[in-house]
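Before any questions on binding or motion, here is one chain by itself as structure tokens, the form predicted on its own.
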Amino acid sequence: MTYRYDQIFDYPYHKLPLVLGESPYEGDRISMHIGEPTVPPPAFVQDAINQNSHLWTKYPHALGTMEYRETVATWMGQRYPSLMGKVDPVTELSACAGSKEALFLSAITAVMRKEKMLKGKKPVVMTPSPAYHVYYGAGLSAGAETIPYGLYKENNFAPDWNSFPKANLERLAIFYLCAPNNPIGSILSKENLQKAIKIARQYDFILAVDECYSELYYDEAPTGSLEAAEELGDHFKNVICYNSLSKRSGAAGLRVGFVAGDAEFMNGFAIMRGYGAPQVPTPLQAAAIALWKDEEHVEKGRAFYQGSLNALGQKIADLPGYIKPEGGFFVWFDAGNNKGDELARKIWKEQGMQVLPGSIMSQKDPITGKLPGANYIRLAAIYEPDKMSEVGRRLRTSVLG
């Protein structure tokens, strides 16, 4: 029997040293394994914190200040025009300490919601594979049967709904999507989003869409999940989205984001936050308000990461494993049949460059029996173009050498 306590140690940054081992490389080492933004937020962030420092003595409201929630609702309407005036900041939106805690608590909320419906049967949580590790950990912690679903190139890295057993869908409490996707860099089409929404409503589960890379796109702006839901009718029924200022604004340390959507679910989520979530300090919410109101710094950040990706692409675009990302700042590189770990070790030992093997971002797909990320490595294109060119040179040397 496999116990949940043992399964939680299947954590990417716990496993990474075990996969890579030691490196004898003596030159400049480059960390490419963590998706940490390098474009700093604008100076007015500190000004906003300082101007509101008198509020450090106050306990923050669990859902955030009304000014913060109204600002986010307005931003959503500007970003997705069909949502202008449609997101209720009182019943359909909450602040959160970055998207991670909201994603985690959503599984607990959704599983308890589904338990009430199933009356004795064990709820299911479905998580993408490969994926951000929090989804899987959330499902385990919620006590659900946590089932990974594979994302494959032959299906354009979209969920294959036809492959999921009906018995699982009937017990499904929450289904996690990441769009734009981490680690793959793919953008889910509106048609695929709306298909997922229709199935969520058919089986009455929560479709949880992580959109924290929504502002890092390089062609057309991706469709939002609430935008797709509103177009279908029934408002935001069964749909929840998450976003934060970590990637959009380079403010990963600020720890401010939001969760929005289905009012019935948000009511339960608000109670859950009251029990166990870190409330967002009010001075930090003031800084966040200033960031949500400003798009100039977002455009500069997007241009920076586009330049980083272009510089890397110029060095490796002709390699058969290169997949040009549509969004985010990661490159999901195909190393070949089950060779992701092997290439990651080679790059580390020969080139002094840490990348993330796709295997440790993956859980075994019970339908195919495969580890969907085993062929891949993930690189974070987060540095200046000159450094990204050097990254590309080292990667090319390892792939061809």
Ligand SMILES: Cc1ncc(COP(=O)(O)O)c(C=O)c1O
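Just count from 1 along the sequence shown to find any residue number. Computed from a prediction, not measured in an experiment: that's the story for all the values here.
This protein has a second form, the form predicted in complex with this ligand, left out of what is shown; the following refers to that one.
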Interface check vs this ligand in the model of the complex: of 187, 103, 93, 144, the one with a heavy atom inside 4.5 Å is 103
Looking at 89, 148, 98, 281, which has any heavy atom no more than 4.5 Å from this ligand in the model of the complex? 98
So which stretch, 218-226, 262-270, 282-290, 127-135, is the one near this ligand in the model of the complex (non-hydrogen atoms, 4.5 Å)? 127-135
Any chance residue 255 has a heavy atom within 4.5 Å of this ligand in the model of the complex? yes
So in the model of the complex, does residue 182 come within 4.5 Å of this ligand, heavy atom to heavy atom? yes
Is residue 213 part of the interface with this ligand in the model of the complex - any heavy atom within 4.5 Å? yes
Should residue 109 be classed as touching this ligand in the model of the complex when contacts are defined as heavy atoms within 4.5 Å? no
Within 238-270, the residues having any heavy atom within 4.5 Å of this ligand in the model of the complex are 244, 246, 247, 255
